[in-house]
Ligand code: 13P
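Encoded as structure tokens, the following chain is the form predicted on its own, with no partner shown.
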């Protein structure tokens, strides 16, 4: 039996607009930008630090990670890379839960972030106290949470997963006849139900970026570009997922962009992915899936405003000052480590 249960979600804090965030970023000339990048690269070397950046961050940060032996990837590979790299300092460019995950796995390392203001709507939509009460209502269920959650929520979980392994983990738990309590993304949860047939109760959170993609807009684009393949992240609404030629994590979508024969690709995920996707498929035309249409608010306009807070200026500052260090309460960390380490162990065996 498949179940979806609505639960009250606490209101998100005021969501910063992507345009407003952009206005806060310093503007550099081409010469200033190159000078700053070279200075930041020297700081990484001098401080025995490594940059772990998400695909959705500024292309300049992704470039620095690539050129300094760091990592540009999805949430799963960010966790794996930070856990195995010998650097004493991890600088995590992304949103807060990514920095917390790095600290959960690496308590002995200093974990810094360009900004501590960078939140995640999925994390914010799943407050620990309300989530604990929700779990208490269903004590017979295995608690599986998305990586896009706080350390406190991970501490209550049996499993942590990312979109790249969620189907495999849920299928594994089905083989063991386990019933699932899933949080926080309702769209990904419903996608997992559809693909696996699992018995799942679903928390009603959503990503402000992926929730904004509209099937109406994609349908219009397909009429203009009938030869284009549609690539969709599973955090998107069901009617958008139904239009997809490929549904998958950020890493899976980049691989699809490279491997598909289509020369045009309509991409329904954060446009920050275009930097790496274009590298993987330089001869292809990437088309940003629209966020306009009935019911659209353009809260994000296909780019996470919190991811956009990571820039050259605050990356340089955090390396120079050592501020913005991530701390996780040790008792919470130990509890959260169990479910997070289980994710990494599963990937090693898979």
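Numbering follows the first chain given and starts at 1. Please read these numbers as outputs of a predicted model, since none were measured by experiment.
The same protein also exists as the form predicted together with the ligand; that form is not shown, yet it is the one meant from here on.
Chemist: Can you confirm whether 54, 235 and 249, the three residues that make up this candidate site, all sit within 4.5 Å of the ligand in the predicted bound form, judged by heavy atoms?
Modeler: Yes, the whole trio is in contact, each within 4.5 Å by some heavy atom.
Chemist: Is residue 74 close enough to touch the ligand in the predicted bound form, meaning at least one heavy atom pair within 4.5 Å?
Modeler: Contact check for residue 74: yes, within 4.5 Å of the ligand in the predicted bound form.
Chemist: Would residue 125 count as a contact of the ligand in the predicted bound form, using a 4.5 angstroms cut-off between non-hydrogen atoms?
Modeler: Contact check for residue 125: no, nothing within 4.5 Å of the ligand in the predicted bound form.
Chemist: May I ask you to check whether residue 186 falls inside a 4.5 Å heavy atom distance of the ligand in the predicted bound form?
Modeler: Because no heavy atom of residue 186 falls inside 4.5 Å of the ligand in the predicted bound form, the answer is no.
Chemist: Since the chain is shown here on its own, which stretch among 213-221, 145-153, 100-108, 256-264 would lie within 4.5 Å of the ligand in the predicted bound form, judged by heavy atoms?
Modeler: This holds for exactly one stretch, 145-153.
Chemist: Just give me the residues of 163-188, first to last, that have a heavy atom within 4.5 Å of the ligand in the predicted bound form.
Modeler: Only a single residue, 163, comes within 4.5 Å of the partner.
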